[in-house]
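Starting off, we have a lone chain in the form predicted alone, written out as structure tokens.
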């Protein structure tokens, strides 16, 4: 199967004065076309920064010190550092984490969707309006014409997230980065949103990198998973294999820390501090050996 995205030995650091602080350490990732790949880790593990590398929206202080991001199915150049990569990489969309802050509070939904659609379609205003209505119908929003006339604060959290999903899929991207898109939603709404993402992905064959800290979401949605800590991927594989037979102590600890409905009296085991310390030391040793 052709790969939609390949990250090879990616190292990224953030400049702090004259010092480069390592953030991503030797990331290797391969996403086949049409796969939903879960990227799991604690806050600060480097998940969002990896997503920003792929989206090419790094802050000025961030520096890719080595490695590359390739798009084999789109004949891209071997490195995002080259200007030609911007022209030859596939279209990539983002489903952000917080729908309220991601949408412009002073613009109507129709205006915001229209701005996105005009980048992909050279249609008349009426045609863009009809396209926007159709995309809202696809994400199960009733009365799409009315919603297009509303402002973000007039919609519920679930509806705002559906609008962002519609905007992400509306330009028919090859790859979507979903950065914890259900974190701000309650459980019942979260289930419907996840089902919606899965249905749209199956229908269109889109490749999705789903960034999350929730292993339960990964189990329900993703085909494969990678687990990160301290800017490194510790384990990756099929979701069923990783969950049933985790090979890394950190993965086992994460799974043991999840409450189970089938074992309500089972005592939870939090990730041990000494394991966290060991992982940080291993990351520091990795950086030291690279400098030698």
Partner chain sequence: MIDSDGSELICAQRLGVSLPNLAAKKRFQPAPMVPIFRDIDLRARKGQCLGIVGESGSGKTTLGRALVRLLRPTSGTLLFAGRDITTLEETELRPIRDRMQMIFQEPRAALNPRRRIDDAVSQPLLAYNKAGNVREAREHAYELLRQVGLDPSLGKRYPRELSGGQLQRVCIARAISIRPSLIVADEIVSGLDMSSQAQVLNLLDDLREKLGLCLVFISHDLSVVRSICDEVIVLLDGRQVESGPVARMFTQPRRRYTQSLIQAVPLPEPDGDWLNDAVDETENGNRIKAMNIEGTTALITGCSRGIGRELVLALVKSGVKKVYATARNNSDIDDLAKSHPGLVETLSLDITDDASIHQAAEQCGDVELLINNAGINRMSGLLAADGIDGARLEMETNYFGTLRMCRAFAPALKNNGGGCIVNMLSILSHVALPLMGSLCASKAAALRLTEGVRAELDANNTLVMAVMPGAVDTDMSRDFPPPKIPPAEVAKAVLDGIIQGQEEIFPGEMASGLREGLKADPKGVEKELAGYLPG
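Remember, predicted model here, so these are calculated numbers, not experimental data. Numbering follows the first chain given and starts at 1. Each form is matched to the other, and the largest set of C-alpha atoms that superpose within 1.5 Å is called the rigid core.
Just so you know, the form predicted together with the partner chain exists too; it's not on screen, but the next bit is about it.
Check whether residue 220 has any heavy atom within 4.5 Å of a heavy atom of the partner chain in the predicted complex, and answer yes or no.
Judged by the heavy-atom cut-off of 4.5 Å, residue 220 is in contact with the partner chain in the predicted complex.
How about residue 216 - does it come within 4.5 Å of the partner chain in the predicted complex, if we only consider non-hydrogen atoms?
Residue 216: yes, in contact with the partner chain in the predicted complex.
Taking the partner chain as it sits in the predicted complex, is residue 122 near enough to touch it, meaning that at least one heavy atom pair lies within 4.5 angstroms?
So residue 122 does not count as contacting the partner chain.
Does the partner chain come within 4.5 Å of any heavy atom of residue 133 in the predicted complex?
Because no heavy atom of residue 133 falls inside 4.5 Å of the partner chain in the predicted complex, the answer is no.
Have a look at 192, 137, 129, 204 for me and say which one sits with a heavy atom within 4.5 Å of the partner chain in the predicted complex.
Answer to the contact question: 192.
Verify the flagged residues 42, 162 and 271 against the partner chain in the predicted complex: is each one within 4.5 Å by a non-hydrogen atom?
Every residue of the candidate spot has a heavy atom within 4.5 Å of the partner chain in the predicted complex.
Core aligned, does the CA of residue 259 move at least 2 Å between the shown form and the other one?
Yes.
Considering a change of 3 Å or more, are the Cα atoms of residue 186 and residue 262 closer or farther in the predicted complex than here?
Result: closer.
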